[in-house]
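The chain that follows stands alone, in the form predicted on its own, written as structure tokens.
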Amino acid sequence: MSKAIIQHITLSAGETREVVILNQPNAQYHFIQEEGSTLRLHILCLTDSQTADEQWQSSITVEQNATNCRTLLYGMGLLHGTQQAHIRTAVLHNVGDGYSSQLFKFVLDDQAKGAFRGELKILPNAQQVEAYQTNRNILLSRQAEMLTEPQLEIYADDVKASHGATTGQLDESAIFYMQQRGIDRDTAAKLLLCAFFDEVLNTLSDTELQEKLVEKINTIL
């Protein structure tokens, strides 16, 4: 097996950078943030390909090495068949006065498998940090599997930090509500799933890419 190539990227002081990782089979990134920099990163796993064994592996490490940094990580996976997506993130607050937010969403159908492992570490001298991590998942079949593993290590006192993870099914009450207003079940389910992903898609600054992804989601569902 060939060794994974890790891309090392440094954001200079005051720099804002947006990175989009779309259907990369093996994405390995290590970011270093300097004073006042902002990283916006999107990991998107969705394809209308019928390749049964399609898999995505993403490993993202971000280190805030100076104050006033912002780290914004977003991700989504729409998987079917026997597709798999495994995403690992590690956000390290090495100094204080920083902000980080992670939002990852999966929808899994058939025998698809997803995994999200999110590490958040705030070191002892990293005071006045805000750090949040959220993972939301919807399973459309009994055979689909989702593994979520949030890991918070907080060694500072003056911080705001939280994490949340949920895995469930479509909201049947919402589907029933729409059916009562003349919308068939399949269309109602598609509307709910598109709305579920909007929170991630709307963070993309490229509106043309947003539109293409919405079209692709509607094709897959």
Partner chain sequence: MLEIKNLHASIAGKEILKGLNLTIHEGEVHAIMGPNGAGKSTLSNVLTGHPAYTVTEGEVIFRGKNLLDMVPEVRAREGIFLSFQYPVEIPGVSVVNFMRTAVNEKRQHEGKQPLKAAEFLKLMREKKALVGMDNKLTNRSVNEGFSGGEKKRNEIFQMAMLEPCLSILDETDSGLDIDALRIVAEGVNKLKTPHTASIVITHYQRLLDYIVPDFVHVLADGKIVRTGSKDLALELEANGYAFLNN
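Just so it is clear, the model here is predicted, and its values are computed rather than measured. Numbering follows the first chain given and starts at 1.
One more form of this protein exists, namely the form predicted together with the partner chain; it is left out here, but the text below deals with it.
- Stretch 185 to 193 is the contacting one of 185 to 193, 38 to 46, 66 to 74, 155 to 163, since its residues have non-hydrogen atoms within 4.5 Å of the partner chain in the predicted complex.
- In the predicted complex, the partner chain lies farther than 4.5 Å from every heavy atom of residue 170.
- The partner chain in the predicted complex comes within 4.5 Å of no heavy atom belonging to residue 26.
- In the predicted complex, the partner chain stays beyond 4.5 Å of every heavy atom belonging to residue 57.
- The partner chain is not shown here, and in the predicted complex it never comes within 4.5 Å of any heavy atom of residue 61.
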